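Read the single chain below, which is given as structure tokens and is the form predicted alone.
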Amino acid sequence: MMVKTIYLCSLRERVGKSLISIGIMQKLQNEGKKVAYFKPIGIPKGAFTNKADRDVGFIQNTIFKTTLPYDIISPVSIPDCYYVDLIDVKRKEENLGTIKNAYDEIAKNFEYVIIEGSPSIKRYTRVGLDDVTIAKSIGINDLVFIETQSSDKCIDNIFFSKNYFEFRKIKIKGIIFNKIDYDYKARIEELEENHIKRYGIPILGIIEKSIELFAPRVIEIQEGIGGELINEIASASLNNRVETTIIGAMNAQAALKYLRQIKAAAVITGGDRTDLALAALNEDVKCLILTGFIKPDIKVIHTANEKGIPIILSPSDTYTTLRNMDRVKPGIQEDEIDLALKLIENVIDWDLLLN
């Protein structure tokens, strides 16, 4: 059986490769195809504890239930923190061999293999385990490029990657635009005609930003900032999604103007800002994040408990808290898997992607 491979890659990190993988796998499974998931390099949360990648584990438990061992689905493990120190450049050939053997094992029994690349095509270049090197080592000569920029900067990203791929003697199979603002879709269609198709780069699809799937949950924010929930009574609301973030640094009266315009917000302010915290709790707020590890006034806790709004103490200052929040990668939940297919099914050129 000749296997067909779709290798997803990107220039930027957190572009939604896992989500797109899940959607493509569902589409193929619904058509009765035998489809596998493969992530050459898994990224465990810790360097020395559990070596499993959370996304790989999730896909294994849901969309790709298989008897294949974890080490075949994701053969190399490189943690995010200090990975430059932890991965040995001298073991490049050994690691590439491990990846190739695992891929060959999977490819034997499936019609399609969906490969989720590294966070970025730049990642692991120093140690020779970047996406292009891996793709070439397992015999793949074209990659699907994912772009998420809802601005004309996307053109620079695409052409930088195109030139880089050509230099490395590998092709772009096509581009999937993902998490795109609704009002930028028409602009991409303009750019496609005048700047993208002319250079032989097919657009495989434009996927709109989905608040339902791309907004983080309160609990993901809590974990991302290393925060402490101080009102357990509101823990049922930790699964609520946060669509926007507001920093409360002004007086309560001035803040009200912004608070009344927001939807499903996380409000970041100091634990000593009782006036602002109380004002925020009366608006559409999903969580209150208090910086500097300062516990709030009892009135704030009482009001938050009444409304079921989690209060999270952040150990960091406002800037660091916000920076850590920006790094949060929202995860898809089991009950949302069907949304992944719904999001992409009618916007992907399946003939172009699968052939």
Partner chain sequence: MTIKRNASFFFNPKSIAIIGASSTPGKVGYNVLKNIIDSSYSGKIFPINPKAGEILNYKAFKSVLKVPDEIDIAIFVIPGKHVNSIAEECGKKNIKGLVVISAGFKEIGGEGILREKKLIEIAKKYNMRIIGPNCLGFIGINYNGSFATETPKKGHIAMISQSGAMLTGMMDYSMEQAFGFSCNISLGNKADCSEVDFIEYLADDEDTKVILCYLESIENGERFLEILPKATRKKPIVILKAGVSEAGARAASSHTGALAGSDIAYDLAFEKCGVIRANSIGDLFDFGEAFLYQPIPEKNSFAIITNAGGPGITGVDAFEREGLKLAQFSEPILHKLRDNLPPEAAIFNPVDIIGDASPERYRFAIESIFGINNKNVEGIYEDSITTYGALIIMSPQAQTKPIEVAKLIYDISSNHLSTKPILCAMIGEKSIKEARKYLKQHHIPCFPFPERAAHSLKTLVRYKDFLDSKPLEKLEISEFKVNKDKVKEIFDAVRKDERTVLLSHETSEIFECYGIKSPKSRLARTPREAMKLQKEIGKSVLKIVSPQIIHKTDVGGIVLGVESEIDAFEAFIQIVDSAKKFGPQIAKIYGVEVQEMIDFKKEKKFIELIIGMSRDPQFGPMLMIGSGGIYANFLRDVSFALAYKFTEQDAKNTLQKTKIYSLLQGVRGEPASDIDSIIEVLLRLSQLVNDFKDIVELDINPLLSFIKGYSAVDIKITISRG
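What you see is a predicted model; the values in this text were computed from it and never measured. Residue numbers count along the first chain shown, from 1. Between two forms, the rigid core is the largest collection of C-alphas that superpose within 1.5 Å.
The next section is about a form of this same protein that is not shown, the form predicted in complex with its partner chain.
| message | I'd like to know whether Asp183 contacts its partner chain in the predicted complex, with contact meaning heavy atoms within 4.5 angstroms. | response | Heavy-atom contact with its partner chain at 4.5 Å: present for Asp183.
| query | Does Leu259 make contact with its partner chain in the predicted complex, using a 4.5 Å heavy atom cut-off? | reply | The answer is yes: Leu259 has a heavy atom within 4.5 Å of its partner chain.
| said: So, Ile206 and its partner chain: in the predicted complex, are they within 4.5 Å at any heavy atom pair? | reply: No, Ile206 sits far enough from its partner chain in the predicted complex that none of its heavy atoms falls within 4.5 Å.
| said: Residue-level question: is His302 within 4.5 Å of its partner chain in the predicted complex, judged on heavy atoms? | reply: Yes.
| message | Taking a heavy atom within 4.5 Å as contact, would all three of Arg187, Thr244 and Asp284 count as contacting its partner chain in the predicted complex? | response | Every residue of the candidate spot has a heavy atom within 4.5 Å of its partner chain in the predicted complex.
| Only one of 166-174, 113-121, 248-256, 223-231 gets a heavy atom within 4.5 Å of its partner chain in the predicted complex; which is it? | The contacting stretch is 248-256.
| Considering Lys108, Lys263, Lys136, Lys197, which brings a non-hydrogen atom within 4.5 Å of its partner chain in the predicted complex? | It is Lys263.
| query | Pick from Leu129, Val218, Ile78, Ala279: which has a non-hydrogen atom within 4.5 Å of its partner chain in the predicted complex? | reply | For this set of options, the contacting one is Ala279.
| query | Is Glu94 one of the residues whose Cα moves 2 Å or more between the shown form and the other one, with the core superposed? | reply | The answer is no; the displacement is under 2 Å.
| query | Once everything's superposed on the core, is Val300 shifted 2 Å or more at the Cα between the shown form and the other one? | reply | After core superposition, the displacement of the Val300 C-alpha between the shown form and the other one reaches the 2 Å mark, so yes.
| request: Note yes or no: does the Cα of Asp275 move by 2 Å or more between the shown form and the other one after the core is superposed? | output: Yes, Asp275 moves 2 Å or more.
| query | Which way does the C-alpha gap of Arg323 and Ile158 go in the predicted complex, closer or farther, given it changes by 3 angstroms or more? | reply | Pair moves farther apart in the predicted complex.
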